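Alright, two takes on the same chain below, each alone as structure tokens: structure 1 and structure 2.
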Structure 1
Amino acid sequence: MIQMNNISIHFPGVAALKNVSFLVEEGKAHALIGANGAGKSTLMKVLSGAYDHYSGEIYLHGEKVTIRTPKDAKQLGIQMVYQEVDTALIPSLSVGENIMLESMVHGMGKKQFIHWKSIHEKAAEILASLHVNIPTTKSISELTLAQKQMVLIARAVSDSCKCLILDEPTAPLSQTETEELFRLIGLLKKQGVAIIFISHRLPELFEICEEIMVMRNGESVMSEKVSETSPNQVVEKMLGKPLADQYPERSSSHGEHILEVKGLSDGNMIDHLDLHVKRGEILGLAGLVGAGKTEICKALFGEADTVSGEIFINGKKVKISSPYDAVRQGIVLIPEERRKEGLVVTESVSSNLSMSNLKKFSQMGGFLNFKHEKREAERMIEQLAIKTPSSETKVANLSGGNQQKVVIGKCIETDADIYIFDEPTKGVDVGAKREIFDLITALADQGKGVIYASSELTDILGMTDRLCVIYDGEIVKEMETKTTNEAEILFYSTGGK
């Protein structure tokens, strides 16, 4: 269906794509995989019309086509669902309006009237066909991350889609929602729709895809049938070397309680929750998507609308009613939605790394010492192995894994006592995951207290010393990590007693 020949594109200081060719067949799912910064999303942004300054040729059914704008791509039936869902939706509009946005804009004509009933009826039909139960009148701002993802997919398949590009679509989805997505992909393939599936979750790719292309440093390094390769071969091609052990070795020594929480409530989902963390300990919060892990993290960080209960740090009772209070008391949060809550993507790497501790970089009169800021940023970039052309590069131009390292670096600059990680490896490749795991382990080895919240149960088992299983905002089971397994955690995560 689609043939991309010798696609190249440059950004300031970096060649993002170097003569990449890619074939897409109708009715098949094509896995596109590579380390963060390998060029996967860039190649798909070329195909979807987001980037126009590329060289090379694109053919559709053997006929050369011009794709320089998103409108060009959509007219050819090429739709892309981006990883950053919040930037693709209009939060002040309803679910139905967001799904039918294209129809609303192009169907208004000279009269400037919209038939609202028809809009919502059509949107409801699309959601029903996907087995997604979201009221079309509900505001986008009221939806969870998983629900926003499904709205974007509904919008994409509603508009004569011939090729659907999914960029990390399962990252915010629960197991049930992921299974629904796979069912939909199977249905679309039967209808002749080509699927391009970008993901770092190898088991998913081997489950639903027929073809796989691996990219590294802006080049295609492998193109095979999925049935003729293996996950280990794919990982080696991604990294250019064999993968070392996925999880670092841990010190088993823990100190006194650094954090104690009694009766924590957020006035919503969390009600009278108790937990504690020792110095040098990594405490896991395990549970499915939507279980309440993020709500617990935000309540501890003072981000919930109302927070009650008692919090003790190093045995001293503290009051935390805002993130400002939390940082002052030595608590930092690496949030799940890094682009929305952890970074200012329009600012430089240097500015982002310093913004949590501006006092350190200020001189007399409150003015920033830019030389000091840049010097410290370059030190942190080297320490965390952040891949960036320079410290002045805008964070928006970095890959997802390197953006996550910037968030962690920003928090390390505060020299906090307690680090809360909420889904820290979401959308991060296997190589960058190991680097992030090393950073988290190093913090624990320094005697910091670490809370690690994740729905990736294998990571919980590989990284934590002790874990609490969260279900519907409550801790339903607490256990030593070395005494449990994935099946037992999943049992309690799904409401088992």
Structure 2
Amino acid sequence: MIQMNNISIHFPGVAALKNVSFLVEEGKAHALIGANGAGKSTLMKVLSGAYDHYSGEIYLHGEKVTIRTPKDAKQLGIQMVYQEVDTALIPSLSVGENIMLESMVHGMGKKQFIHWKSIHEKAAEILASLHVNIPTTKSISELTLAQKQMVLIARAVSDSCKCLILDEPTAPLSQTETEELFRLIGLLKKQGVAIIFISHRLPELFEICEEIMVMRNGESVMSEKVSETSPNQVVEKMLGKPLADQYPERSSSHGEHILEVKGLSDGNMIDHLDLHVKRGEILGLAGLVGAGKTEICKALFGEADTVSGEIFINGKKVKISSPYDAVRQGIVLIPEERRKEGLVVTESVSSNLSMSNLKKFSQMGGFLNFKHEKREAERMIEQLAIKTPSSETKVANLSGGNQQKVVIGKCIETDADIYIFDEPTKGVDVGAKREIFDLITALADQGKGVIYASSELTDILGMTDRLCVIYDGEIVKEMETKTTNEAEILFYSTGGK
């Protein structure tokens, strides 16, 4: 149906796409996979009209078409749900308005007045057809990340849609939400809609897609039917080498209690929670999306309206009522919504990497040592394999996954005793995942305490020494990781007793 031929595009200092060709067929789901910064999002942005300075041709049903603006793409029925959901939503408007944004902007014709009732009715109808239960009058700023995602998908299908591009849609979704999405994708496929699906989770690509294209360094390195390839082959093509063991070896000797928490409450979801971490130990917080893992992390970090409870670090009682206190007491948090909470996208990679530990880079009188800062930044860029033209590049110009890596680098750069990771592997490719795991393990081996919160059960099982299953803001079960398995964790995290 759609044929992209020899697409190339340049940004200052990088050739993001080099002669990429891509064939999209009606009623089929196409997987697009590749390491962070390989050019997946860029290729899809070309198709959806976000850039106009590319070279190459695009054909629709054999006819050459011009796609240079988002409007061009939409008129041809190409809809895209962007990776950074927050950039595409208007937080002050309601869910209904955000879903119907397009028809409010383009579909009004000569009409001057907005018929609110029909807007909300139509929006509700679309949400209902997606089996999503969000009131259309709610404001976007009150939604969770997963709900925002659903709103965007609803917006994309609100218009006549022939080709739907989903850029890492499942990253913030829970199991059930993901299944909902897949059901919806199946439905759309039956209606003849072509789906392009970008994800770093191989199993789901193999579950719902018919075709797969692998990208590396701005080039297409493999196009194949899913039925004729295997996950191992895909990973090998994607990284250019076979993937080593996914999880590092863990030593199991732990020291004293480094963190002890008694009766932690955040006045909202968390009520009298006890937990402890030993030196050199990685404690997992397992649970579904929305179980309250993020809330626990934030409460520990002093980032909640009313935090109460006792926190002991190295046996000493400390008071943590703000993130500032937490950092001073040696706790760092790697937040989940990284673009919003972890980065200053208008600043360079190096100043983002150094921002939580500027003391290390400043001399007497608070003067900064730029050379030292740059050296450390370059070390971190290499260690995490962050794909960037230089340490001075603005973070806004990095690919989604590389932005994630910058946040992780920033937090590791901080000299702390306790590290709290909230979904650290979200949106990073399999190769980089291993790098991040190595860094986390290295922290534990240095005798730090690590809390690892994630809804990816395989990662929890692979990385942690001990784990707490969280359900509705409570610890429902504590287990040694060695003694348990995925099924058991899933049982407890869905409320089983």
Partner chain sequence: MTKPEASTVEKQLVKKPFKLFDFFYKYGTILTIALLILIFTWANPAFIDGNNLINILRSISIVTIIAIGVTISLSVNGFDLSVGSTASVANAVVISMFVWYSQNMFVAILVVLAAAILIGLINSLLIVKLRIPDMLTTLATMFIIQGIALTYTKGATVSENMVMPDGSYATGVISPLFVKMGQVPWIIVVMLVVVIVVHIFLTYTKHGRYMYIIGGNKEAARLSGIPVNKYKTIAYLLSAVLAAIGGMVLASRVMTAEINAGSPYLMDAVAAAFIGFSVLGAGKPNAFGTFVGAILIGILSNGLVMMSVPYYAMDIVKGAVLAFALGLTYYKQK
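Throughout, residue numbering runs from 1 along the sequence of structure 1. This is a predicted model, so every value here is computed, not measured. The term rigid core refers to the most C-alpha atoms you can superpose between the two forms while keeping them within 1.5 Å.
Undergrad: Only one of the two shown forms is the form predicted alone, so please name it by number.
TA: Structure 1.
Undergrad: Taking the rigid core as the superposition reference, indicate whether the CA of Gly400 shifts 2 angstroms or more between structures 1 and 2.
TA: Yes, shifts by 2 Å or more.
Undergrad: 2 Å or more on the CA of Glu382 between structures 1 and 2, with the rigid core superposed, yes or no?
TA: Yes: Glu382 shifts by at least 2 Å between structures 1 and 2.
Undergrad: Quick check on Ile412: with the core superposed, does its CA move 2 angstroms or more between structures 1 and 2?
TA: Yes, Ile412 moves 2 Å or more.
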